[in-house]
Each structure stands twice: as C-alpha cells, then as structure tokens.
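Presented as structure tokens, the chain that follows is alone, the form predicted on its own.
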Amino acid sequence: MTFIQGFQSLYLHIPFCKTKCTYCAFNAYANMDTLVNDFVDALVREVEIVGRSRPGQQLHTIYFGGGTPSLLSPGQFERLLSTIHALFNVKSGSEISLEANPNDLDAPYLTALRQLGFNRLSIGMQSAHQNELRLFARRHDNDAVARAVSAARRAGFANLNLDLIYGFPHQTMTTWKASLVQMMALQPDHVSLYALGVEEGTPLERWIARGELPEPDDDLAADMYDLATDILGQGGFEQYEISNWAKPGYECRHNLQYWRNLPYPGVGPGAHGWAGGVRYSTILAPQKYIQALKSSVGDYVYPRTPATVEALEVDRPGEIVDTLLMGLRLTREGIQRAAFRERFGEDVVTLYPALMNRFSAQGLLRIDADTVRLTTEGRLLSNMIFRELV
C-alpha cells in the first residue's frame, strides 16, 4: 500500500439525487434534472481551469462521488473523462471509481462505463432489510443490490465495494448480522461500514428530536462494530482503516490518498480539495456553481477556480495535525515514523511526548520503532484521541 510519489487524486462531486436519504447531510439535491446538462458543461470548465493552471499534473486515481453520480449518462462521463485525460497525466492502470445507486446499474450502462475506463464501483447497499431501507428513504431493495452486483461482474468490474450503515434507531444485532451475511454472500472486494451520524438538518435528526425515533445506542453500535470485525475477518477481509475492510490488494487507493494527507484537487458543487498547500471548498448550490463557471474570465491561481468560496493556506503545524488525524485512521499502516520525519523533519513521538506516552500507557496507541497506530481499543475511542491532538 505504498503511495506513488508525486501523483495526485482527482475528486469530482455530482450533487444530484432522485431522492435524498433521511440521514444524508452531504451536498445533494433532488428534483433538479433540468440542471444536469448545464452542470456537466460547468464541471468540464472547472476541470479545464484546474488542469491548465498547473500543467503536467499526474493522477493515479479519479473518483466520482455525490450525490448520485450514476445518474449521469455514459456520454456525459465520456466528456468528463476525455477532458481529464487531455489535461492531466493519468497513470496507466489508474483507479477510476464511481459511487452508484443499485437501481441505476443495468447491463448496458455498466458495460458502457467499463468501456470508458471505470474499474471500481462503490454501491450503496446500506441494509438488507426493506423496513430499514424505507427508514432511510432509499429507492432500492435487497434484490436490486444483488442484480447490480451480478450485472457489474458480467460487465467486467473486478473491484467492487458495498456500503452498510449500522447503529441506527430500531436496528438490532439480529438484523445487523443478517445484513452482514447477505453482503458477504454477494462477494464484494471491499466493504465500508459507517456508524450512523445524526446530522443536523436531516429528517432523522428531526424525528429523534421530536421523540418519534429513539436515540442511537452507542454501546450497541460498538457491539455491532465488533461483530462486523469478526465476520469480515473470518471472510478473508483485512481492516486497513477504521471504517474500511478489503480483500488483499483491493484497498481503495483514492481514499488512501486522503488518509495519507496527500494532494487531491476537488471539483464540483460542494467539493473539498487539498492541493498546492491549500485546503479549499466550492460553491454549494448547483445553480450558483453553473453561473460562476459560465461567467468566469481570466486566469486563476492553482487550485482555485471561479467556484472556490473558501481557501486556507495550511501552515506546517496545521499540516502536521491533519497528517496525524487522518493517518491514525489507518489501522495497519498508521503513522509511518520514517515518512513523517522525511516530510516534517521531526519524529512524531518527540513532537507529542506527553500525549503519546499517556495514550500508549492507556492501551490506546501502539508505538514501535516504525509506526504509531491505534489499538483495537483505541479505534473505539478514536474521536477522543483526535480531539486531544488538535
């Protein structure tokens, strides 16, 4: 799982959905189909600006997230990928990922995506139970997931991720185990498991605040996490990040770029990026995003574009903290002490001696000559550890 020196990752945010899930706080919008064509024009324009403002950028991963990127047509993806290949140096064998809703993935669509160069799919399964999917306002059922996986394999996708959510109201250990077993039966190559976060402004948050749903049970969620760790381990999956497991060799290269705090330009409404020493975000509203790209003139300082609304020059102390917070999420790799010294000129342990010694003594960190990593117990208390490092 070594990174490729000098290569970046490109993230493209597709903000449209047919329906918005009740737990979702991402920048996503339903019932905006009429904007999609103009949005693709604007996204092409933003990719061009980022590419031309720093020629020769090398990419080893491209990731389409959302929203629901699988609402775009193969022709629209062809425009976007052609623009990327024309303006960036895309490494042969790059990981090109698409987040997708199961209902969107029929055989012709998947075959077209594969021919365009997509080689990794991330399918939002979320649960194997219809009543739980209804709680989330998901527009698929369990059979749709199975059909999508089968069609993806027939189309030639050899790298497939499935997402599940746990720790939500009315979920039990029995239903959670059944979802895990059903997911394993579909034989994914990679698994992402997310504990429900009750996000402000979502329907789930309102229902819980009004007493219509119970508060999530943190202790039950911890037990669910332990159960998943056991089941996935028995199934040949290796946990390489707090929420992610993979068969050997199928770790998500794009997300590893984030967790190693390496550069990734981000484009599209509500995208975040880290490139050129700058952390930045873009306009949220698709209409305003489209208008900003239509009216753009002149040159822009990399990685900024007309859609950039916030840009923070990150100093050395800030970059160190970011590197620690993200790197400690990597359960096997952790913080590589030699790489940290090469990057920052100091050893991570000597930078934070009191915290490192305390967390190590408490059994939350494992420190050896090569790495600093969270222990199994430390993973469950990672948010507390991260707060103290900031």
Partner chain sequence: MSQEHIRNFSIIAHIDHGKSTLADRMLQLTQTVSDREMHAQLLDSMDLERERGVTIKASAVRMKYLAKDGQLYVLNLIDTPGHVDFSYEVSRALQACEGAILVVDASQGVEAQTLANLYLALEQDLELLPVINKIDLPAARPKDIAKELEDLLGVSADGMIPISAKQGTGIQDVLEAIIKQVPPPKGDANAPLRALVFDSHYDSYKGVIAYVRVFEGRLQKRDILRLIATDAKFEPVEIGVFSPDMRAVNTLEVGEVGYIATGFKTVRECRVGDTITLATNGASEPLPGYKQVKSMVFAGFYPTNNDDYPDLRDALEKLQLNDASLIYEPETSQALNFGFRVGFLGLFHMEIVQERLEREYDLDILATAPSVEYQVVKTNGELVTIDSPAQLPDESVISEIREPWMKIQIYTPQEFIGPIMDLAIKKHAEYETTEYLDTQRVILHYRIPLSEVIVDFFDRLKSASKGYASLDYQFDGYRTGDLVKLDILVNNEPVDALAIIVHRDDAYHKGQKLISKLKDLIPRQQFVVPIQAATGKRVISRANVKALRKDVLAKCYGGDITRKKKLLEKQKKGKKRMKMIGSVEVPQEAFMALLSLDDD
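Residue numbers count along the first chain shown, from 1. Everything numeric in this text was worked out from a predicted model, so none of it was measured.
There is another form of the same protein, the form predicted together with the partner chain; it is not shown, and what comes next is about it.
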property	result
Option from 105-113, 265-273, 182-190, 299-307 whose residues, in the predicted complex, bring a heavy atom within 4.5 Å of the partner chain	265-273
Sole residue of Glu212, Glu313, Asp226, Glu215 within 4.5 Å of the partner chain in the predicted complex, by heavy atom	Asp226
Proximity to the partner chain in the predicted complex, single hit among Ser53, Gln57, Thr331, Asn27 (heavy atom within 4.5 Å)	Asn27
Candidate site Thr172, Lys177 and Leu232: all three near the partner chain in the predicted complex by heavy atom within 4.5 Å	no
Ile208 within 4.5 Å of the partner chain in the predicted complex, heavy atoms	no
The partner chain contact in the predicted complex: Leu364, any heavy atom under 4.5 Å	yes
Interface membership of Met356, the partner chain in the predicted complex, 4.5 Å heavy atom rule	no
Contact flag, Ala144 vs the partner chain in the predicted complex, heavy atom cut 4.5 Å	no
Residues of 216-253 having any heavy atom within 4.5 Å of the partner chain in the predicted complex, listed in sequence order	Asp218, Asp219, Ala221, Ala222, Asp223, Asp226, Ile242, Ser243
